[in-house]
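Taken one at a time, structure 1 and structure 2 that follow are two forms of one protein chain, written as structure tokens.
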Structure 1
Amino acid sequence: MTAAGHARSTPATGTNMPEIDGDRLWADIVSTARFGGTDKGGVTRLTLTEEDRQVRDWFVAECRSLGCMIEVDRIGNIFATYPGEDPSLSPIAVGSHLDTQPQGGRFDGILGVLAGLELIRTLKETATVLRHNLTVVNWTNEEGSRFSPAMMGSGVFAGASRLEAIDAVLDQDGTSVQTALETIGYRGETPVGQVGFAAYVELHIEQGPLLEAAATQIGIVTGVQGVRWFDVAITGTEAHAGSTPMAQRNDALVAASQIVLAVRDIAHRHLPGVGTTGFVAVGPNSRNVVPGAVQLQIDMRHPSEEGLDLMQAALEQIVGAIDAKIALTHIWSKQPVVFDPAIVDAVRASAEALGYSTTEVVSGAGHDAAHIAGICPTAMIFVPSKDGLSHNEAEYSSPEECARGAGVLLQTVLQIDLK
């Protein structure tokens, strides 16, 4: 903290550069956590819900008060643009997402959006004018917890998904994406993909333990692991738990258990890959009935496409060898991403100018930046997560860590603006 009580991003070189106000950023983090806030200090703000509408309205109002032009596209992505000197140049974009997981944290995603807002405030109060416009983006449905796939808004924006197909996606209650957008008033008029960027930089919490374990202040993210999602439907035979002999049972949950263990073992055999069975639904889910139906949702990740191929092949082989009626469906993929070397270098130079320790990392989590990297120069900045926790109400990054990340984001934008 400075003598004035602000967590500032002061350059080690002593050069006169604008500095973000870390206290103001932290106040926004605390304030926005009320939208969907939980009793345990976390946030449940699923995409396109009333809570999401409330935080979107707050964000739009704050940006408008600073003189930003607001655009909302057909998938509900919000673009808040602060004017620079030359409107003929494509804007530099920063941002992330405002939606959360159920019982999620108050930092995942929203830190990148609020840091972008803090950049605009800093530019305005210091009368700093960029050559490029600066656009802060809120991407729709990054989490994928209500509607699948994840990173939905950025995926449509980057051309990885068709708007018409995404509009028709249903949540568990049968509500479509299109209906949900219209219900909360964020079915925008701007055609998807009409806004173009000179570069995109996303600040995010690490969501893992590496930076904290290394006592490193800033993560320079060089890329994102590839992801493959699978749905599994297992059909057995419901039967009485007391009167059905063990030899005559067709227990769907036993078959499912073999798959759950196989996902874990496959990941161990293909490190640094990871595998997770994150959803299980058992029917009829009664103590004294042999399970007759199970649904699983599997997430596999690896930094290389070859690693993902090997993991998928191993899963298919094991499923095929289990004596049960099993339908394995590959529902979604995202290839591994390597970020733009020039933007990564700008992040590195900015962190060094501010005197912060750094570590290069490949993101284990998926992010909107992974889609945007396919259409413009992109990179990411990580700050540490306490105990590596995320998608958890106990998720935490300190005020100082958030301020450092926002400071590096600002200096990175200033560097990109000069080129």
Structure 2
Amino acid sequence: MTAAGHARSTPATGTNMPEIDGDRLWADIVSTARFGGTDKGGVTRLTLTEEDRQVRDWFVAECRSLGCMIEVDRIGNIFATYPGEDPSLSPIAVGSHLDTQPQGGRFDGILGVLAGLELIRTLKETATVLRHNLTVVNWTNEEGSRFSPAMMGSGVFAGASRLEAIDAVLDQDGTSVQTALETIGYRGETPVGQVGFAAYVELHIEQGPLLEAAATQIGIVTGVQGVRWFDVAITGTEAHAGSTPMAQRNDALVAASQIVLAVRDIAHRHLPGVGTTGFVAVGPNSRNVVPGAVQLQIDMRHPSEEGLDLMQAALEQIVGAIDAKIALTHIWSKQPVVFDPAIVDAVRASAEALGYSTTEVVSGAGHDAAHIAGICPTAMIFVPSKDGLSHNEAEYSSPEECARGAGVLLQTVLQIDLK
């Protein structure tokens, strides 16, 4: 066990399993928020910027000081590997991302990386030697706010994107990903995807309100929702709001409003699916002109492909039944991800062994783990987000919540290591 005097996560079991140090983890969360810290207590640390370089350098130095081997691949993913007994085994990997949204929070992403660091500290401090190497990963550009797409590093790693194409992606200032990597010194030598993992477990804040609403301590993440995006173009007839009788109108906004409500209703009929119309553009958008044109952008999500099929079919049926000229276009999809049942079971067993209340959730947001699930057994652990807030300077998870998540992460790694 570790030195006395530190706050500990308090397992219900009486075994001699190593325990993470919640105070130490919290101190890291607080101190790393200085890299890109904002006046309002949030963080603006866009990928591959000077702020990102600072936090990466800090992370690499900390890991090196603990005896980790550092590898950086061509897309800038950082792999910090703490040695286990059997170097012939593929490492168990944990991690997440160090980048944030503009005016983002102190927890989204970095919690999973700092928890990995805390695992290594705990293993070293308790002289615990795993069979597998333990690799803590920082994936490049999870957020996608400077360079698109999001989850860029894990996407190239898992083969969802080609490095050559991603290297050429430009930010708004015309800087390419490759140039940005070279500028901050994280254009590594390791070919992307060369490292293989025995398993990957990612701790992350929930970024939603479910755990808090259920007063649950740990979210057992069983997968990631699939997504389908639709564009809608409605062509009505622009007309004088005073002199055009109701019976002779062809009001594009009335049709659009029917679609907005249909999207909501379809989601309610296909729970746990969600449906959102987030974007509306009205032409000419003048109080006393009957709208002649409306564009909508729709986002539908569901844990299963069948659910998405049903939601799309319902949308197509309702749009077809509306008496207006409507073009509905399915512009983009992401298939649902179902995490590995054995790793999900290990997370559940670990949380239960520590005496924490749990809820199974399907992530509504995308995560690096969704890419990695395609190449190795993967699962995720969620901790509550206060008021469900994320991508927001007010983002908050308490020291206890973070410590519980890291504790579950450690126990999960220990369980996987035994197999």
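Each residue is numbered by where it sits in the sequence of structure 1, with counting from 1. In this text, the rigid core denotes the largest set of C-alpha atoms whose superposition between the two forms falls within 1.5 Å. Everything numeric here is computed off the predicted structure, so don't read it as measured data.
The first of the two structures is the form predicted on its own. Considered as rigid units moving between the two structures, the segments carrying residue 230 and residue 170 are different units.
Hinge motion between the two structures is captured by two rigid parts, the smaller swinging by 24° against the larger on C-alpha superposition. In the core-aligned comparison between the two structures, the Cα atom of residue 299 sits 5.4 Å away from its counterpart. At residue 282, the distance the Cα travels between the two structures is 12.4 Å after the core is superposed.
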